[in-house]
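Consider the single chain below, provided in structure tokens and representing the form predicted on its own.
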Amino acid sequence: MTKLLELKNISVYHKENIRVKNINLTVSQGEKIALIGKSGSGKSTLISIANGSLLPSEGNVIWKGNNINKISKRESSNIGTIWQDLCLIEELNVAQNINCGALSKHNFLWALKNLLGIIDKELCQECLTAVHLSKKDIYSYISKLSGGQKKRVAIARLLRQEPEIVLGDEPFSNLDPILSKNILNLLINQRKYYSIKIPETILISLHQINLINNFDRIIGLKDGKILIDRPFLDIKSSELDLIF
């Protein structure tokens, strides 16, 4: 399989604390990876390192053979992230926020048109359908939405971005069990849509241990170190007990 993302000898120190220590990790095209561990185990730090938003104290992050800090803005848009802090723009409507996912692929004039009104309406609506929101929601303002609706808009924005890989920091928080399962099914099974392409490679952190059986590979973190990195079918319940 083609290597997309490599973390080589990654450590992150914050003051006197070690947030992650000597992480070595390769993500290949098509892999579906769950990142598990207690709060404070280093999951969010690892996601931030993987997308280039946090510089490691030691080590290198490689995206498709190049140092992640040296790739272009357009190339970096191939790495999509769902944050716990959703980074939505409260003053804009749903469609405008969804279109923000495609900013790197368009010019300034397109970005200006997005600020002035709804553009690419049908494409935005298809992204909403994929995350189980009404097409009419494109007109709603983010400030009027519930936490679960905001989470789904953030995922719709990521679909609009069309990245090669999805990195997720607890992407199913604020979603009820049925919606969590539906969104996970969207990302895992890559249901085909007319105008949008579902990313085929995912690395997401989870609190919901009951969801890990949907993934083909599990990475378990404890105290900033990888204790587990194997296919789901090879993992014993006693090993999960050590993680949690």
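Computed from a predicted model, the values in this text were never measured in an experiment. Residue numbers run from 1 along the displayed sequence.
We do not show the form predicted together with a small molecule, though everything after this point is about it.
Though the partner is left out of this view, N17 does reach within 4.5 Å of the small molecule in the predicted bound form, counting heavy atoms only. Taking non-hydrogen atoms only, S41 approaches the small molecule to within 4.5 angstroms in the predicted bound form. T45 belongs to the set of residues with a heavy atom inside 4.5 Å of the small molecule in the predicted bound form. Just one listed stretch, out of 211-219, 58-66, 179-187, 33-41, contacts the small molecule in the predicted bound form at the 4.5 Å heavy atom level, and that stretch is 33-41.
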